[in-house]
Every structure is written in C-alpha cells, then in structure tokens.
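First comes one chain, alone, set out as structure tokens in the form predicted on its own.
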Amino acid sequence: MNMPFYVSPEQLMKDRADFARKGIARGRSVVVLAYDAGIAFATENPSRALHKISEIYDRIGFAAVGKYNEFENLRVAGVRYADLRGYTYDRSDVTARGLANAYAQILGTVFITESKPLEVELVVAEVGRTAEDDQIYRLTYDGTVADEHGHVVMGGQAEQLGRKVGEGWRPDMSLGEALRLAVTVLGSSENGTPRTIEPGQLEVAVLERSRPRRAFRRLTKQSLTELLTEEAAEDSGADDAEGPGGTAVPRAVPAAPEKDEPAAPEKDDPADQAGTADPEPGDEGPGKPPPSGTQEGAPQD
C-alpha cells in the first residue's frame, strides 16, 4: 500500500504565497501617493484600453497589479458592491474601508480554499474633504489589508521603489511634483540606471478633492506632458516665461542689427523718394520702394 502524499499546512501556504508573488512580480508597478489637492495614481501602461487604474464610486479609486483577468473581475465586483450599497442606503455610506473589507474576504477565501490563489495586489483609495480624511488601503493576494499613509507602491520592485517614494514624498506636494516623483520612481531599475518613460506610455489618474461629486479624473497625454514639463522647468531654475498651457517659452534672443537698412544718403535723396532714381551699377533688381521713415521726415507743408 502506497503512503498518501502529505504536505504540511505551513508548506502549502508558503508554496501558494510564492506562486502568487512570482505572478505579481512580472507586472509593472503602480505608485499611489497623496498630494495637496487629492490622491494620484500612476503606472507604466502602454495600452489605452486595458486599464490598471479605474473609478469605483464617487470618491473611490482602484488600482491593481498582477493578472488582468483576475483583477478586472474584482473591479467589476467592487463596482457592483458600491452601486448596491449606495442604492440601498445612501451614497455617503459607500466607503473605501467597507470596500477593502469586502475585497479582503474574497482574496482570503480564494487563497485558502482554491487550488490557485489570485495573482493580484490592489489599492483602494478614497479622497476626503480634507487631507486627514484621505484613506489608502493596500490588499495583498492572501487578503491582508494594510492602512497606508501618504503613499504606497505595488508590483515586483515594491520594496525598493517604496523606499525611493518615501525619500522624496511630502504631504504638501503639488500635482506636478507628485507626478514627477512617481515617473522618476517608475523609471528607476534594479541596476540603478534611470529610464525615461514618455507620457504616452503612462496611465495616470487622480482623485481631486475639490470636485463636487465624482472625484476621479484621468489625465490625458497633453495635460500630463504639460505638468511634467512645467515641473521640470521649475526644478531646473530656469527663468523662462511660460506660454499657454504651462509650456516653457525659450529665452528671447536679442535681435541682430538689420543689414538691409537703407543708407542715410538714400533717404535724403528726393529722386529715391519718388522712385525714379536710376539703378546703381550692380543693382539687378527693380527699384526698391522708399523707406517708410522718409515720409515722416518730409516737410508737411
């Protein structure tokens, strides 16, 4: 009689956790950080249709890393949860904390009972009326919930990138400063060589505190370019003026003296003013019109 195959519960949970972490590490990281007027989400995502950052409800946003089909199902479930709760009770009863608890139950149940855990990590954020009321929750593959303050990074290099965000983040950052920090962190690699990420390769959205109802807003490529350019110009200390839309205008270059100014004797020549002067030797073109300044110098009477 063959002995049944036995795996201890500790080893089984460890194997599932390793499996989930490897799947999550293959995805690009997501940076979520608060700024003076709300909460910003940023990630490198060249796709314009498959979003990793989405709106859940009026003042609640959602970001995820890992397998797209798995966190998309969770996003849809979160939208249904929020809609049902808001319709049954009141819109103000839909909170990020309640949604995070619902997600934790789903993730924890799947991690323990199913043969394969979900290879996802989530962030649920709610912007409050004041910065102290902002809520950011991070949920891992096993249903663990963490209440984050100010910023959080998910993905394969979460620990390394999280340290960089913590070194540069402060609560009163403007939106441009926050996005520049996020893009710089996303462009850093393990070997220390920085990588430039174009605005078209980024997916960025914000929860704006000042918006009356729906606080979620996606940033277009143009607005993102203007914010990053404006912030880069401020950091470089350039005193160039800004044009429309915040784009930097190059410093004005002094105009060179005009070499084609008519000579003084030609202005005083009555024949030239009448346009009847004979062409000078070597002058192949037609007679030039009289300079405008000569009319002002002519006697009025």
Partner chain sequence: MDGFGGGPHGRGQGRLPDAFLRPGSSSFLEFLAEHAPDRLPGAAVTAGAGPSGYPGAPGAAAGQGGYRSDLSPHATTIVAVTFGAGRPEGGRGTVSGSGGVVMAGDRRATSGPMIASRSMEKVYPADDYSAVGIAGAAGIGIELVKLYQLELEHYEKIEGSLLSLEGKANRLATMLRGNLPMAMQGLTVVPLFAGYDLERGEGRIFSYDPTGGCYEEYEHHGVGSGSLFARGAMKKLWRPGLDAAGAVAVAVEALYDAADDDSATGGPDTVRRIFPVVATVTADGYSRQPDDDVAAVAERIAAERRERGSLA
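Numbering follows the first chain given and starts at 1. The model shown is predicted, which means the values in this text are computed figures rather than measured ones.
The form predicted in complex with its partner chain exists for this protein as well; it is not shown, and the discussion that follows is about that form.
K.L.:
Among the candidate residues 92, 210, 222, 88, which is the single one with a non-hydrogen atom no more than 4.5 Å from its partner chain in the model of the complex?
P.N.:
Selected residue: 88.
K.L.:
Looking at 164, 138, 75, 180, which has any heavy atom no more than 4.5 Å from its partner chain in the model of the complex?
P.N.:
For this set of options, the contacting one is 75.
K.L.:
Report the stretch among 78 to 86, 194 to 202, 152 to 160, 121 to 129 that approaches its partner chain in the model of the complex to within 4.5 Å, counting heavy atoms only.
P.N.:
That would be 78 to 86.
K.L.:
Just to confirm, residue 37 within 4.5 Å of its partner chain in the model of the complex by heavy atoms?
P.N.:
So residue 37 does not count as contacting its partner chain.
K.L.:
Might residue 217 be said to contact its partner chain in the model of the complex, defining contact as any heavy atom within 4.5 Å?
P.N.:
So residue 217 does not count as contacting its partner chain.
K.L.:
Please run the contact check for residue 144 against its partner chain in the model of the complex: heavy atoms, 4.5 angstroms, yes or no?
P.N.:
So residue 144 does not count as contacting its partner chain.
K.L.:
Heavy atoms within 4.5 Å of its partner chain in the model of the complex: does residue 172 have any?
P.N.:
No.
K.L.:
Note that its partner chain is not shown here; using its position in the model of the complex, name the residues of 92 to 108 with a heavy atom within 4.5 Å of it, in sequence order.
P.N.:
Residues within 4.5 Å: 102, 105, 106.
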